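Only one chain comes next, encoded as structure tokens, the form predicted alone.
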């Protein structure tokens, strides 16, 4: 199975590397060509446009920031759609609007091609370790056909039903993540204000009922003043915006989601968007200093 990969950012780079290590013939494209150099050295082939990736590949994977980016890569000039032949498969592993995913899948189906939406959870560390959780929407037979690709990238791989359900599940995930990040940030900020030794507080609270993935993986980085992104604040804000848009369709109240969206938006506005999500604590630090 020839694989194509488009988007070699923080997540895409290690994911594509795992596919190559698993033995899949790999063709890659990304806007910044220099990012592809380690993969080319490992035997991947370079394509000059998304259409060329599609022409060379049986399965084309995209890992991009937002819905408009995916639409452009799929359907813009020299996009994936212009290089497809009947029977090819597109897997979008970005986090984008569920309604757009459904529409994209329908457009590709008109070309006799299938699409899976397969967003991931686990951050940069999960991408590097190959332990991502992958939530997949789309035809089950197509999912089973692509399972070897997913197994090269993650450990918990779940088919969730029709197109769009992968993205819908990811939004559930992101709401829970954001609220956990908020709880972690406020708790550690309070510890600092109280004059506690955070290096002692963290293992105590992490070992009890307050324990979480965020405390295990992100809190130690806060203590080290390490705000390099495994997943950027601006992308978490984007995901919460998508969640807000879905929630609005039902006229429901999700106050925690609304609060975290407002806080992540404020963090972006204050210039923290390029930091990892653990950098949300800097929003409180700046406010406290004011």
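Predicted model only: the values in this text are computed from it and were never measured. Positions refer to the first chain, counted from 1.
A second form of this protein, the form predicted together with a further copy of the same chain, is not displayed here; the remarks below concern that form.
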Inset, instruction - From the candidate stretches 77 to 85, 109 to 117, 189 to 197, 141 to 149, select the single one in contact with a further copy of the same chain in the model of the complex, where contact means a heavy atom within 4.5 Å. - result: 189 to 197
Inset, instruction - Give a yes or no on whether every one of 22, 29 and 72 sits within 4.5 angstroms of a further copy of the same chain in the model of the complex by heavy atom. - result: no
Legend entry - residue 256 within 4.5 Å of a further copy of the same chain in the model of the complex, heavy atoms: yes
Legend entry - Distance check, residue 160 to a further copy of the same chain in the model of the complex, heavy atom within 4.5 Å: yes
Inset, instruction - Answer for residue 100 alone: is it within 4.5 Å of a further copy of the same chain in the model of the complex, judged on heavy atom distances? - result: no
Legend entry - Proximity of residue 122 to a further copy of the same chain in the model of the complex, heavy atoms at 4.5 Å: yes
Inset, instruction - For the stretch 187 to 215, return the residues whose heavy atoms include at least one within 4.5 Å of a further copy of the same chain in the model of the complex, in the order they occur. - result: 187, 189, 190, 191, 193, 194, 196, 200, 201, 203, 204, 205, 207, 208, 209, 210, 211, 212, 213, 214, 215
